[in-house]
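A single chain comes next, written as structure tokens; it is the form predicted alone.
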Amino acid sequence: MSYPVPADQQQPAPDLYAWNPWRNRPRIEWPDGKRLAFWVAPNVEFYELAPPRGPARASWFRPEPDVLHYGIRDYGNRVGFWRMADMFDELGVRASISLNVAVLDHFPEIGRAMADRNWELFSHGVYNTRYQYGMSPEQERAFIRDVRDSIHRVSGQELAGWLSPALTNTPETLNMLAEEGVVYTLDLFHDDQPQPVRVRSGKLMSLPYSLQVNDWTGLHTGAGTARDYARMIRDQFDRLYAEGETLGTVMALPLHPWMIGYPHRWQPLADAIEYILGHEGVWHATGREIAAHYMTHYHDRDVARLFGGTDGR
């Protein structure tokens, strides 16, 4: 049975990106002729025990203070982060950190560990318990600038990427990111290749990220085992690697230290990452590097092809 919506109540598709079917696209070629760009994006987060209540949703599942769920996430910073860092050191992983910048103030040792490894730091907001819902344009712009300044202070890096805290946006978020010099967003989830984003001014691209091959869904909400999750990672890679020969694809591996940092999950994850890095034709890069290559070589081409212009409008 269908339930037609009156024409005056219908919502169009989001006017943020163009229709671009997977078949018959022009190829993206990664450096040295690589067929797949692989990047690892751990979310290093800070959850407040009793955060201020936001306008759209509660932060915790139980009455505050929710010590149980706070403690589970605190494990990620106390233990899981360090175990993950050791793994990445052993495997030669170059991480791109989706960072709640409050971590830099609460746990400066983590900030130094990331800076010393020259990992990319991009924005995941300030706290993972404070959202962008309900922000005025002035508040949101100040929020973006505060995050940008915090990352620069610790690492010397310019802010290139953005994943909104708890995936929360306002109608102005993407426009403001472009205006503030952010290069890539992870908030759209709509493709396996970089795509230009339609913004009011400046340039912004969408970099492939994943809620499917993400330990949040693979281990937490999906309640799979560590070996189930590792198999998902391999299956995702195998398909994208095959398609990358003719298209040029991106595989993101999003992680959370409070999920993958447990001892029994170490080996399956390490084996899956080793499997990917052991293939010829894989460009293991940071989010910043993938975005820079696309913006330099393919963004304007795709905007002209998809939007009929030379910017994202």
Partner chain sequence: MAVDPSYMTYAHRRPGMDHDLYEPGYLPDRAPVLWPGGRRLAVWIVPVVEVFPLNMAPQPLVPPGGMTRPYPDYWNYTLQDYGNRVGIYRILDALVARGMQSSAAVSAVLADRYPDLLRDLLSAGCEIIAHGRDMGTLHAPHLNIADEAAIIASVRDRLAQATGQAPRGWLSPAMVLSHETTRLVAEAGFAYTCDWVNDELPYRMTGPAKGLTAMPLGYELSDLRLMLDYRHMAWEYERQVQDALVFLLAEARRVNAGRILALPLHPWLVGTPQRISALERLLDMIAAEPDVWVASGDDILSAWEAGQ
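Everything numeric here is computed off the predicted structure, so don't read it as measured data. Positions refer to the first chain, counted from 1.
Omitted here: the form predicted together with its partner chain. The next part is about that form.
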| item | value |
| --- | --- |
| Contact test, all of 110, 135 and 170, partner its partner chain in the model of the complex, heavy atom 4.5 Å | yes |
| Contact residue in the model of the complex, from 247, 259, 276, 252 (heavy atom within 4.5 Å of its partner chain) | 259 |
| One residue of 31, 281, 26, 65 in contact with its partner chain, assessed in the model of the complex (non-hydrogen atom, 4.5 angstroms) | 65 |
| Proximity to its partner chain in the model of the complex (heavy atom, within 4.5 Å), stretch among 197-205, 225-233, 238-246, 178-186 | 225-233 |
| 4.5 Å heavy atom contact, residue 95 to its partner chain in the model of the complex | no |
| Touches its partner chain in the model of the complex: residue 158 (any heavy atom, 4.5 Å) | no |
| Residue 190, heavy atom within 4.5 angstroms of its partner chain in the model of the complex | no |
| Contact label in the model of the complex: residue 126 to its partner chain, heavy atom within 4.5 Å | yes |
| Contact set, 73-91 vs its partner chain in the model of the complex - heavy atom within 4.5 angstroms | 74, 75, 77, 78, 79, 82, 83, 86 |
